[in-house]
Structure formats: C-alpha cells, structure tokens
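Given as structure tokens, the chain that follows is alone and in the form predicted alone.
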C-alpha cells in the first residue's frame, strides 16, 4: 500500500519585523513582560491592503512545488488551513488555485486553527494511500495582524500572533518504512469559548440604535440588514479574539504529551526514537514544558516562536521547513509533529523522512 511522503516544502514570512518594543509603543507592555510569558522576541506583520493570507500562501507554495520537482499543473488537490481567510466565503483554497493558475482540481478549506495543518496532513494521507490523488498541495497560512486589538486591553492575545505561511507537496511512496507512519486527531468542545473569536453577528444581544450604529460605523441597525451586536461586546473588546491563557496552557501541556505518546504507541516506538519534534509554536513555555515531560534534549526540538510568534496553522510547516533547511531533518529521521489549539482540537503525526 502507498505511504505518503513530503516531496517538497517551503515557507514565507512577511518582510516587516515587529519587535516587542514596537508593540510597547501602542499598549502597556514591555519586552521583558512578553518574553517571560511567551518566549517571543519579534514577529512578522504583512502589509495591509497589499498582502493577504492567500498571497503569503502563494509564495510558500511556489517554493514547495519547485522543490518537489513538479509544476503547478501536476497538482491534483489543494488543502488550505487557516483561521484568517481573505473572505468569510469563499475559502482561500479556490483563491490560491486562481493565484497559482491551477486547473479545476478540488480545493478543501480546513478551519481547525492551530491544529489545521495536522488535520490537513491526516486528510491528505488518506487520499494518497487510496490512490485518489498523487500531488496534494497542503498549506497553512495566516494574516493575524489585520484583526488584533493593539491596545492594552488586547495585549494578552495581540503580542502572541504573527503572520506567515508554510506549504508541502505530498506524494505517494513505495519506499519501505518511509513517509507518514501515523496520524491522530482529537477535539473537546468543553473549552470552545476559552480561545475564541465570537461572531458578533449572531451571538445574542440586541440591535444597536441608529446613533450607536453610526458611531461605530455600522449600517441600518433598526431593521433587516442591521448589525446584531451588543454595547457590551464593543466596550469589552469581544469583537476581537479572546483567550483564557491559564486554561489553555493547562490543557495544552496535558494533551501534547498524550497525543505524542499515542502516535509512538501506534508505531511501537519510544520517545528516544524521535530525531526531531516540531511542536505547534503556541508558546515557548508550553514547548519547553512538553520537552521536559518527554525527556528530549534541545537538539531534538525545533522552536522558532522567538522570531515569528504564533502563526497558528502555518507554524508547523514553517518550523518544519526551517529545520529541514538547517539540515536538522535528514533522510531517515523520525519526525514528530504535534499541535493543540482552539476548539479545543489537537493532533499528532509521525513521519519517517
């Protein structure tokens, strides 16, 4: 039976570097406060009105396609993972297809946030194994900076996130023992609102009166076509992403080791067999905690959140590509990918490179 291999990989981040000191100009924070809580030193922000989630993805995909030794015309399926799409609909999959000039293949959009790339990898693996597709383009891309609250009120979330994209081309392989060995996916609805961006258009409340609607730039509040939003949502910053950081941290450091252990058990392997762990770059403190639980040395864990922040669905392919380019992921290496995020959703994958 076919296995699935990563035939090409690429990533792209915007040119603009935003340091912790830069953010301190807009909110009550400082470099030490951010580093101590997240490990982040800087992140990349895309250019508003010039770049989009899709344009970031295009550049990552072009690199992955070239490294796979194929052309865009060989791509027979697209999977696009993001929480920050260009449009509410249609999804970024078809926008990427248009931007790359790919023929009328299928395009699937995945909205599993930080776990999106792992979910996409698992879906693609099934398609490759069954022989349905031969060149799947899987991308995770995010343009967070256009939708964050850059005030002191929003600092607990806004200092964490950055923009970027990572992509892989997945192909079948008959090589014994190589490729994706196993994937494992989970979700738990009980923490859904602990890390969320609530749709203010349908989540309770009353119509704004005309005066308030005009004040906040919303149209026709007193009839069909108005905005269903509460004053409390506006005043409390609930029109931005929100996070219960302590709850997320506690859940993540439990589920990361569990799902990694699940993958190792399924393949009759041990933590000592892992050559490189690529965790989702949510928080350096989470990665370090998980590393300690697993007993892995520094050289077997790749972290780059210090430079890019949390790029959500893009973080694993960006980190994996960096590790590959640095020569830290080599032929025959056992690579473990693991993610945890909003939903809550989490997952893992083991790959023999």
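From a predicted model like this one, the values you see are computed outputs, not experimental measurements. Positions refer to the first chain, counted from 1.
Although it is not shown, the form predicted together with a small molecule is what the next lines describe.
J.: For the spot marked by 28, 114 and 159, is every residue within 4.5 Å of the small molecule in the predicted complex through some heavy atom?
T.: Spot residues vs the small molecule: full contact, yes.
J.: So which of 37, 67, 59, 328 reaches within 4.5 angstroms of the small molecule in the predicted complex, heavy atom to heavy atom?
T.: The residue in contact is 37.
J.: Only one of 191, 147, 245, 261 has a non-hydrogen atom within 4.5 angstroms of the small molecule in the predicted complex; which is it?
T.: Going through each option in turn, the one that passes is 245.
J.: With the cut-off set at 4.5 Å between non-hydrogen atoms, does residue 340 touch the small molecule in the predicted complex?
T.: Because a heavy atom of residue 340 falls inside 4.5 Å of the small molecule in the predicted complex, the answer is yes.
J.: Taking any heavy atom pair closer than or equal to 4.5 Å as contact, tell me whether residue 195 reaches the small molecule in the predicted complex.
T.: Answer yes; at least one heavy atom of residue 195 falls within 4.5 Å of the small molecule in the predicted complex.
J.: Would you please decide whether residue 249 lies within 4.5 angstroms of the small molecule in the predicted complex, comparing each non-hydrogen atom pair?
T.: Residue-level check for residue 249: yes, a contact with the small molecule.
J.: Does the 4.5 Å heavy atom contact test between residue 95 and the small molecule in the predicted complex come out positive?
T.: It does not: once the small molecule is placed as it appears in the predicted complex, residue 95 has no heavy atom within 4.5 Å of it.
J.: For the chain seen here without its partner, which of 48-56, 295-303, 316-324, 280-288 has a heavy atom within 4.5 Å of the small molecule in the predicted complex?
T.: Looking at the other structure, the answer is 280-288.
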